[in-house]
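In structure tokens, the next block holds one chain alone, the form predicted on its own.
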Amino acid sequence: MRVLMVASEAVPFAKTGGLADVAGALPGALERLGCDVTLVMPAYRDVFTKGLPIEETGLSFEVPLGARRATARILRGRLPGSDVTPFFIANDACFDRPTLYGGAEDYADNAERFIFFARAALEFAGRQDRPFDILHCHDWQAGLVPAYQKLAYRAWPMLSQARAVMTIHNMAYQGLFWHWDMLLTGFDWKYFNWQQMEFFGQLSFLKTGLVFADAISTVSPTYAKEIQHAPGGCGLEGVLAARSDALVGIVNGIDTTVWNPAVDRHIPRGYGPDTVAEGKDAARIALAARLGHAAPDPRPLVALVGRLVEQKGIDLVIEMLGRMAGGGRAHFVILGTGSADTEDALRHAAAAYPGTIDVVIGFDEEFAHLVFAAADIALVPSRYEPCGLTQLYALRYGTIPVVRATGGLVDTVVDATPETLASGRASGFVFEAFDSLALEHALDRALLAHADRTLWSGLVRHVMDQDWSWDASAREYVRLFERVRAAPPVAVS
């Protein structure tokens, strides 16, 4: 099966979020299952700063962009750890910029940039020597690809039999633009209607992808259900509910060549289920030194790693810290970045409880590995979470997650109750209400469990034995691709 993966970012070349982790790891996992995968993404300025070999292919062509034409130059690289060849669409006017999508505000011409990207990806695919079976399109930046394939490139031999799969990583990001940007797409205005490309007077790239794709996936089964209803669907719940027969949820995996405590070069001592105590002790010593403490704190270590934003529940954590830190039952380490107000509130909490709360503003992946290895408990109290990788990293490192019951957190963490503990299914502590008291109660349950060394060591061993690798997720994608390839294409009117 030949797959063209169209993504706006991919590790290790360019990253702003979890999409890049998926697009960087899934191609190799699909390849190991026998798929022939080609990755195509923009040639951002970031791509050339990673020290990875990028070469010219000699292929270039012009792409229609409204009344003018823009040149796409095709570059080639190598996806580390696999035989997958990534290709990069170069156009300096579009992609030679300091950031991928803009800073505090998005670039004003993002519609034009990703219209160009979507069309150039298909122009590139159409010039290959073998046809593609699946066009795997990720998030709004690739949302126009299914429409272009159905409306403009259906007659191209390399694309005529392809099926488009649209993967949603986060419904909150939809690619909404001025309606006059329709002129740049080359599509007939008749498609700018409430059933296809229009969303409250704007051009919606994500909605377009959802309507024209032959199948839709998202990054967990529970999130697939949540987005068919308000508020999870962010206004597109009706579109998704109407296509529920084409929608599936597949939990993301993690790259176990990177996130693996047995071989992790970022921690002082590798460990597995049988040596977790020794590995965590070594990590605690290194973390204490990194934080400027003379010795590790003997109390349970509770960590929060990630974006310090409302979606991730940081407001609940700040409220909870004000009540729990004074009790002295745990040591808290928080690593991430957020708004100035959030960062100031966390610094204030750390100053009020020195030696109990450590806050590190910024993000350093090496440091994140050390925190996961050292911690006993990881907080993931998200308001919503399409899939979540933090809890998967924690599980891999024998760090027990405390999570809110939403999205992929539900699908990956089994609440520790007497029944699930007795049956060996428990893997964390889950709370329902988006409320700091509910979070505090769940963390209190975790701390009580931690005091029972036999119970806790059994829980840690169980979670470390779980398989959250991309190989497991890739098998689900292959099944989806096979189903959609065998079915008729979606009808377009």
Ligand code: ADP
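Because the structure is predicted, anything quoted here is derived from the model rather than measured. All residue numbers are counted from 1 along the displayed sequence.
Form predicted together with ligand ADP: not shown, discussed below.
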item	value
Per-stretch contact check against ligand ADP in the predicted bound form, the hit in 318-326, 154-162, 300-308, 70-78 (non-hydrogen atom, 4.5 angstroms)	300-308
Tyr148: touches ligand ADP in the predicted bound form, heavy atom cutoff 4.5 angstroms	no
Touches ligand ADP in the predicted bound form: Ile285 (any heavy atom, 4.5 Å)	no
Contact flag, Ser204 vs ligand ADP in the predicted bound form, heavy atom cut 4.5 Å	no
Proximity of Gly313 to ligand ADP in the predicted bound form, heavy atoms at 4.5 Å	no
Site test, Gly279, Leu395 and Gln466 vs ligand ADP in the predicted bound form, non-hydrogen atom cutoff 4.5 Å	no
Selected contact from Gln174, Thr390, Thr412, Ser217, since only one has a non-hydrogen atom within 4.5 angstroms of ligand ADP in the predicted bound form	Thr390
Proximity to ligand ADP in the predicted bound form, single hit among Thr85, Thr337, Gln195, Thr417 (heavy atom within 4.5 Å)	Thr337
Heavy atom within 4.5 Å of ligand ADP in the predicted bound form - qualifying residues of 364-400	Asp364, Glu365, Ala368, Phe372, Glu385, Gly388, Leu389, Thr390, Tyr393
